[in-house]
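Two forms of the same protein chain are encoded below as structure tokens; each is given separately, as structure 1 and structure 2.
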Structure 1
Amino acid sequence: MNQLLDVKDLSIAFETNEGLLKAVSNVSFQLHENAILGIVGESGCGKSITAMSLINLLPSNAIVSSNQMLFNGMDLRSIDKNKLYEIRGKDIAIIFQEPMTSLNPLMKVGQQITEMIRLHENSTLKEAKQKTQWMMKKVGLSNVKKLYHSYTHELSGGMLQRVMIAMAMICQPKILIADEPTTALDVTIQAQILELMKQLNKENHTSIIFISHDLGVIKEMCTEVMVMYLGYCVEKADTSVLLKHPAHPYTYGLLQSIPNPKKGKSRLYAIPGRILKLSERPKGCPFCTRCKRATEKCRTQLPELQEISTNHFVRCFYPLDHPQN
């Protein structure tokens, strides 16, 4: 598969009243054509801002640096604003977590999709409207002529998320960023949306960056997973390998936290401790304050991200199933 996106040593910091706070440190990842890359971790670990930095959707106090940020061979760090606006929405599209706050409540939903076409394609209003209704049907919406003229408050959460997907897919982007797109939906609708995204990935050959805190959802969706904690990539591997052989204690803790009906009424596992604030990031391993295996070395030195087997990387001095030394 051809490599579509190549990001190396991405770091993000924010200028605040408390000083410069580092939010993401030296994160590297690649995305291949037709692949689905999952970025997983608890809230505040840097998942969303890592993805949003690709198309400059971060607030003005963000400071972004990287050694490389190539999209289809093009350096996203050096392109001008006009080219970036052209790429954003057309080549790299986004589905946000909350469609109700992402869509304009004063515009009809069909018009919002049509506007995306008119912005990026040389289409007449009639052509754009026809394409909009076709895409609305493709994402599973019915009675699209009526829905085209509906407002957001007239649609359910599941319908609004399908509208968001239609808007994101209308220009057939090469990359789709899905930022926890099913979090606000009930389980049945969530399964339908996930299946729809897998279908669009297969039929349209759209690569997906799927952001989630849920490894159960990641298991269903992704071909490769990057686990983040406190702004660091702590583990990265093919999905099947990571789920069967987690090497980082944090990844293992996330897997243990997935509800399992076979365990009956036993207490649900929770990773001990709390997520630190950005201003509290430790000098050594980011997970050392919550890890039972942590030593003085972990608290004072930052482990490198190392390849422990083919395409399986972990940032840990004492990976699971490896003897301590």
Structure 2
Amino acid sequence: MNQLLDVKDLSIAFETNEGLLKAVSNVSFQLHENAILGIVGESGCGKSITAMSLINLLPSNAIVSSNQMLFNGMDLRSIDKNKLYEIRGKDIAIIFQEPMTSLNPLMKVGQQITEMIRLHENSTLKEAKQKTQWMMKKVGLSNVKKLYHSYTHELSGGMLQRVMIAMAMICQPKILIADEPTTALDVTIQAQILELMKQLNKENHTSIIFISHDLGVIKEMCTEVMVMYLGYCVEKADTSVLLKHPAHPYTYGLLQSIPNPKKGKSRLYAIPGRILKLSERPKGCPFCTRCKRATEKCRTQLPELQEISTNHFVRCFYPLDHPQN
């Protein structure tokens, strides 16, 4: 499989009044062609800004540094502005959590998609319109001619998210960044949208970076998962491996704290303590304040990301047992 995206040692910090706030530290990941990479974590773990930094969509007080950020052999760190605008939308598209606020309420939805085509492709208005309607049909919208001339407030959340996806997919991007695309939707609608994204992934060979806090959704969508905690990548593996044999105590805790029908009504496992603020990041392992297995070493030294089995990385001094070891 071809490597589409190769990011090494990505760090992001924000300049604030109280000084430099480190939000993401030394995150590395690769995205292969046709793959779906999941980034999972709780609020404030840096999962969204990691993805946003790829196409430079961060606020101006952010400082991004990395050893490598290759997209299709092109260095994303050093490209000029015009090139970046070209990549945005055409090669790397993005859909957000809130479809309601991500679309312009004063513009017809069809027009918004058509504009996307006209920005990136040399096509006449008529061609672009036709392509828009074709794409709208493809993402499962019916009565396309009428919808083309609707405004956002006339559409439901599920339909808007379909419009967002149509807009993102219209230029057949190589990478689609989906930032919690179904969190604001109902479960039956969520199932429809997930199905649609999988289908697009198969048919158009678009790679997806799928950001979510819901391990259930991740399990259904992704081939590979990266678990983030307080700006660090704490575990990275194939989805099935990670869910079956979590090696990092945090991943394990996350999985255990989801109600399991098989275990019945016994008490849930709850990770003790609270999620720290970014400004309170401990010196050692980010998870040491909530980890039962933490030792003095964990509190003072930051563990490195180590490979414990093929393609299974974990950032922990004492990873949980793995059957292959």
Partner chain sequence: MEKEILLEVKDLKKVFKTPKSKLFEKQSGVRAIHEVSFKIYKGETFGLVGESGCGKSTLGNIIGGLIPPSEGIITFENKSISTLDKKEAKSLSRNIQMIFQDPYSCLNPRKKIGWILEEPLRVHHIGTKKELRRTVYEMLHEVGFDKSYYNRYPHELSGGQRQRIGIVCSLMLHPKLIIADEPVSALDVSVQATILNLLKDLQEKYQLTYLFISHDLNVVEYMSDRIGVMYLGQLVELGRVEDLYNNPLHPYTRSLISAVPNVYDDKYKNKTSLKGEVPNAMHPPAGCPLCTRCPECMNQCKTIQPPLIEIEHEHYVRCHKYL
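Residue positions are counted from 1 along structure 1's sequence. The structure displayed is predicted, hence computed values, not measured ones. Note that the rigid core is defined as the largest set of C-alphas that superpose within 1.5 Å between two forms.
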property	result
Which of the two shown is the form predicted together with the partner chain	2
Core-fitted comparison between structure 1 and structure 2 - CA shift at Ala270, Å	3.1
